[in-house]
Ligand SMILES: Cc1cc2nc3c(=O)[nH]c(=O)nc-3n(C[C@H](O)[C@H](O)[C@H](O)COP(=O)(O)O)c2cc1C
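Listed next as structure tokens is one chain, alone, in the form predicted on its own.
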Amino acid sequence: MKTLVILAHPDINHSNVNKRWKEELEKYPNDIIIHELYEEYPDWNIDIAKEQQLLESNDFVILQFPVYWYSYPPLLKKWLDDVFTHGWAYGSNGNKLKGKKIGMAMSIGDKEENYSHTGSVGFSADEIITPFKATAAHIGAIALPYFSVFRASFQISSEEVEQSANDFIKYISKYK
């Protein structure tokens, strides 16, 4: 079973971290499927049946995205709203994602120390992803610990970006 990475970056070509993560993932075509939402749906017309089939055929799903205003990019939100339907993902007959492992790989622009109760954000990164954890619980999926890199928007060295790409592959291997 392959790992399905749902990549949601609105401008991947100008990304520092997510672009490098994608390049690293591409080295493992026999193990990892990269599904880029902004490339697949530039018109935002999501093929729900196609997306549901893709999810059904993979037991390990990672949502990869940059954190935007303490949340996720808008197309990823639309994708979740459109694809995770009643009767398919949840509800009395909605069990298609039950037991599937769902992880997150996030690039966060700010410093890690700011993501604390005493930091400028006032919340931890773990608290920021509460909607994802609640969604996983609601659909019966297994929410995995998240993978992240901080300072993605500034002050991150090329060495740190490289290390994060290697660490991302280790994260996938650990939970696969």
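Bear in mind the structure is a predicted one, so any value in this text is a computation, not a measurement. Residue positions are given as counts along the sequence shown, with the first one as 1.
Below, we refer to the form predicted in complex with the named molecule, which is not included among the displayed structures.
This chain appears without its partner; in the predicted complex, the one residue of Tyr28, Phe123, Tyr70, Tyr41 with a heavy atom within 4.5 Å of the named molecule is Tyr70.
Screening Pro131, Gly119, Gly140, Gly109 for any heavy atom within 4.5 Å of the named molecule in the predicted complex leaves a single hit, Gly109. Using a 4.5 Å cutoff between non-hydrogen atoms, Ala152 counts as a contact of the named molecule in the predicted complex. Interface residue remark: Ser164 is not counted as part of the site for the named molecule in the predicted complex, having no heavy atom within 4.5 Å. In the predicted complex, the named molecule lies within 4.5 Å of some heavy atom of Tyr115.
Exactly one of the stretches 29 to 37, 131 to 139, 61 to 69, 42 to 50 approaches the named molecule in the predicted complex with heavy atoms within 4.5 Å, and it is 61 to 69. Taking the named molecule as positioned in the predicted complex, the residues of 1 to 18 that bring a heavy atom within 4.5 Å of it are, in sequence order, His9, Ser15, Asn16, Val17, Asn18.
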